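Let's start with one chain on its own, the form predicted alone, as structure tokens.
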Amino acid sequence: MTAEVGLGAPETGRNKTLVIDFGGPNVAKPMHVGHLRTSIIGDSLQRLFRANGWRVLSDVHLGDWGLPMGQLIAEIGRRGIAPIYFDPKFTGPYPNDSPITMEQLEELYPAAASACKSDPARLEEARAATAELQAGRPGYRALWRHFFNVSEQGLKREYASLGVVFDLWKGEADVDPLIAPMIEDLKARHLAELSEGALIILVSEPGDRKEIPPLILQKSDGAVLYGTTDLATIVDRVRSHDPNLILYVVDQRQHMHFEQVFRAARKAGLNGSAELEHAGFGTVNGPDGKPFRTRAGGVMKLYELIAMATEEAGLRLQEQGLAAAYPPQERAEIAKAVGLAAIKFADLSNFRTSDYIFDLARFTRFEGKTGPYLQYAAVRIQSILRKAVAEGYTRSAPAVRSAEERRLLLALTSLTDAMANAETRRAPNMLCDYAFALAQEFSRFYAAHHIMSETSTDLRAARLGLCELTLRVLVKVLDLLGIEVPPRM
């Protein structure tokens, strides 16, 4: 069942455009648990802003243009995997098919990064390859394009497994043509200046309580940094979409970086009429309080996390005696939906700047404030309504005849405020609170009143109408959280 468009929406975004930047994976590297929060929070926010009437453009903003690309190119050259791309005499065209698979990239990049870390000569070789790539060397550009295409296919599959979709698949390389003219403009307006050989923009302000370092545009060797590409990305977004707001859903530890970039953009007038905002978030930690990892101590890949959650959800379904008689494929689909709901709700129910402990056994419970509990609440209402249809019972507008009905209707009518407040604070946890409170009010109503066994036709119809309205609202809010409600359990 899908959410009904417009139900309870406050329309705060009428005639407004949002560009939301989240995801941010790197080309040639698999997604891991470190990408979880930006993906889940960013997706919920894009759903919320859309529901509130904003025109929304979500951008994955791939990391595809820095030193990691040079490290990969240098490693491939050393291994002699694709010599044609390194032959200065070859004029093209280069092959359409990539000489490197995603599996190879996953092995090559860690090896290259480790070699550069331990060997200064290898690092210098990678830096030289990065400079040549950015300067336009044809073979390196062709290899980079293969990296991008292979990675994009894999990343889209990974995001699809989370139910996350982006409008734009742009990366740092997309704004490379804008960097040189932007820098020349900043120099011409005396906004950029040299400092110890590097080109910088001073961003400190008189009222600062702590030192805000300048934003470095170019290092002394002419190389650009993330701040430079982030500035150029703002230029691109303003020119392409004229947004009212550009929202960055990125780790809270990057806050200083964004403060520097935003100040530089505003100082130079690069942001047009757009507000620039960083919606930071905390970390997902293990029981030891440190960033969550595998039992072996490594970084857990996203598909491994989803598989683990699906398995745990299957065990909880079995314990509850749910879906036992369904076909195996349907049971598997329900288990995956429950596993994802557990992960997403656990993340979103905390205010985004909070760290939280990853506890899958607790997240997958069907009791308490969890995603599976809310899914089951919606499934139970669906079951009631299906039985009513089978019995030939009709539904009518809800009516208030008891304290339980009144409280439930009041909860339903507060959806608009919940959506508006969640937008204002960039806080999906407020939607989680609302959904849980609504489910509890329905449970009280259901416990206090006959529905299917009610002998009064009018009373039964009104209560079925209240069930239907509750379902519509609950499914809508869960959809805003990126949580799917199975047809049955």
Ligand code: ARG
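For clarity, every value in this text was computed on a predicted model and none was experimentally measured. One rule holds for the numbers: they count along the sequence shown, beginning at 1.
The same protein has a further form, the form predicted together with this ligand, not shown here; the description that follows concerns it.
For the marked spot (Tyr376, Arg380 and Glu484), a heavy atom within 4.5 Å of this ligand in the predicted bound form is absent from each of the three residues.
Across the options 244-252, 332-340, 350-358, 367-375, residues that bring heavy atoms within 4.5 Å of this ligand in the predicted bound form belong to 244-252. This chain lacks the partner; the member of Arg426, Arg37, Arg460, His61 within 4.5 angstroms of this ligand in the predicted bound form by a non-hydrogen atom is His61. For the candidate set Phe90, Tyr226, Tyr303, Trp169, a heavy atom within 4.5 Å of this ligand in the predicted bound form is found for exactly one residue, namely Tyr226.
At least one heavy atom of Asn26 is located within 4.5 Å of this ligand in the predicted bound form.
Using a 4.5 angstroms limit between non-hydrogen atoms, Glu75 is distant from this ligand in the predicted bound form.
For the chain shown alone, Tyr109 is not a contact residue for this ligand in the predicted bound form, no non-hydrogen atom being within 4.5 angstroms. Taking the partner from the other structure, this ligand in the predicted bound form has no heavy atom within 4.5 Å of any heavy atom of Phe292. Residues of 460-477 placing a heavy atom within 4.5 Å of this ligand in the predicted bound form: none.
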